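Listed next as C-alpha cells is one chain, alone, in the form predicted alone.
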Amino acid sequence: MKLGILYERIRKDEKALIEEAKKRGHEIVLLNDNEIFFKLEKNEVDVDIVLERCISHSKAYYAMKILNEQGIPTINSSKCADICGSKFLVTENLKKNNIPTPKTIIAFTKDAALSAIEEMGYPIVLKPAIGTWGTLCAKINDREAAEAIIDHKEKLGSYHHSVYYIQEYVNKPGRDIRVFIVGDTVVSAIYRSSKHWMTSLENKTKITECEITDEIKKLALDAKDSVFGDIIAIDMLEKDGKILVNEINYTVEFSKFGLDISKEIIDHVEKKNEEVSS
C-alpha cells in the first residue's frame, strides 16, 4: 500500500503512525499541507489512500475534497470533515439522528442573541460555530457579561463572529468523557477532570480511564455514523444521570492523552484500502 499522510507538522502522533505503517512494509508519501498544491484538472498525487492529520480545518477539508473528487479515498472523508468542522452541522446531525445533545440556539445579530440567551437562562456557553481546542468559548453567567462578550464579537467583525452558537451550560461532575473510535470499534474512553468549566489539557486536566459502558458504546457508534466518520473522537457530558454527545473531532489526537492507537488506525487504513481496491 502506498499511504499518503496529509499533515502540517510531524508530531508524536504522526511519528507513531508512520512507524507503524513502515513496520508493515507500506510506502509512505508525506503530503505537507503548507507545500502541496493541486491542479484541479488532473490528479498528480500518486498514492492509494490518504490519512488526514492536518491542524487546520480549512486545509484538511479542501485537500480531502479535491482528493476525493479525483478518486483518491481519504480517512476521514471530506464529507465527515465538512460536518465535523462546524459545531452547527454536528449538532444538526446529532438531533436528526435522535442522539442526545445539549440544547442549542443559533442567532445572527446581537439583539437576537441576547434574547435567545435570556430565554435559555444563565449560565450559557457561547461558542464560535467553527473552531476547536476550546478557542473563543465563553461561559456567560449574567446579562452584563453577555452584552460585553457579544459586543466584542460584533466589533471583531469576522464571519466566524457573525454566527452566535448558544448552548446550555451542562453542570457536569467536574469532568467530561472523550471516546475514541476507529472503524466500528470503540478503542478507548477517558475522563478529563478539571476544576475549570472547560476540561481541556490547558486547564490542568487530569486524565483517567473511563469504563466503556453499553450506553457510551451505543452513543459513540451512533454519533460516528451520524457524521459519516471513520476515525473520530467524541466528547460527552454527564447530565442528571444521562450522557449527552457534545462535540465530535475528526482529526484525532491521542498521544497527549497517554494513548497509542496507531496500530488500530493503520489496521483500519489497510481494511479501507482493501475495500476500495476490490
Partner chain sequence: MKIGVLCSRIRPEEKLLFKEIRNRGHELIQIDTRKAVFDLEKDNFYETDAIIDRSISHTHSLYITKILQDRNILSINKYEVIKNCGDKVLTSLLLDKNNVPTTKVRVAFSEKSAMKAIETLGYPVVLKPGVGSWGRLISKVESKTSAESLLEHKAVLGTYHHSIFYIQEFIDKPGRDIRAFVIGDKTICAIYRKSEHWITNTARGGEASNCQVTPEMNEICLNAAKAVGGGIVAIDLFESENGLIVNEINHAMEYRNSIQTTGVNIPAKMIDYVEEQVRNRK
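Owing to the predicted nature of the structure, the values given are computational and were not obtained by experimental measurement. Residue numbers count along the first chain shown, from 1.
Quick note: we don't show the form predicted together with the partner chain, though the next part is all about it.
In the predicted bound form, the partner chain stays beyond 4.5 Å of every heavy atom belonging to V29. Shown alone here, T213 lies farther than 4.5 Å from the partner chain in the predicted bound form, counting heavy atoms only.
The partner chain is not shown here, but in the predicted bound form it comes within 4.5 Å of a heavy atom of F88. The partner chain is not shown here, and in the predicted bound form it never comes within 4.5 Å of any heavy atom of D46.
Proximity to the partner chain in the predicted bound form holds for all of S58, K96 and K103, with the criterion being a heavy atom within 4.5 Å. Between 88 to 96, 172 to 180, 136 to 144, 191 to 199, the stretch whose residues reach within 4.5 angstroms of the partner chain in the predicted bound form through a non-hydrogen atom is 88 to 96. Though the partner chain is absent from this view, in the predicted bound form it lies within 4.5 Å of a heavy atom of just one residue from V163, V186, I72, L126, which is V163.
Applying a 4.5 Å heavy atom cutoff to the partner chain in the predicted bound form picks out D33, N34, E35, I36, F37, F38, K39, L40 from 13 to 40, in order along the sequence.
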